[in-house]
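To begin, one chain is listed below as structure tokens, in the form predicted on its own.
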């Protein structure tokens, strides 16, 4: 009697031990049976269904991907008739400059430095010379120049090495509005390092120290 009972207990233990293995096997066998195993074309596989013989279909004429509508050319290019503009496409506010400072710190300061003077660890340890935003040449450029550079990068010509990319595009990393915010913040940085008492409104000059 004791032996029969022991056998039953051993059988139950084995079922409990290995039963989950069988359950897991059935679950795995059921996966992908609907989507994975459905009839489909492989990349570049020809098709007899379409007249041109291609299974990969071209985009429908006039179709625009979600979020890719660009009705404001200046907003997305900073150019008017191919020329870089010198106006912001929307008002510059304190919140916008704060956003620009945040994005500048994340993406730009690693090379150009926190103050935009082209001094950073990357500049010290890498064989690059980041632009100093406070040089007269960049103080004179239109504000759209900074948006254009962030969007398209900078490609310079070296007489010895030939052409080379000195800064890649950040268009895929920084959204359009934030690129403009960075441009506005760079202009604010330039003003902060070159401002005089005459730039301070008369009503605010009394608050300045000696």
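As the structure is a computational prediction, the values presented were derived from the model and not from experiment. Numbering follows the first chain given and starts at 1.
Keep in mind that the form predicted in complex with a small molecule is missing from the display, and what follows is about it.
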Problem - Which of 93-101, 80-88, 67-75, 121-129 lines the interface with the small molecule in the predicted bound form (heavy atom within 4.5 Å) - result: 121-129
Exercise for the section: State yes or no: in the predicted bound form, is some non-hydrogen atom of residue 111 no more than 4.5 angstroms from a non-hydrogen atom of the small molecule? Expected result: yes
Handout entry: Heavy atom of residue 115 within 4.5 Å of the small molecule in the predicted bound form
Key = no
Exercise for the section: Flag residue 166 as yes or no: does it have a non-hydrogen atom within 4.5 angstroms of any non-hydrogen atom of the small molecule in the predicted bound form? Expected result: yes
Exercise for the section: Report whether the minimum heavy atom distance between residue 150 and the small molecule in the predicted bound form is within 4.5 Å. Expected result: yes
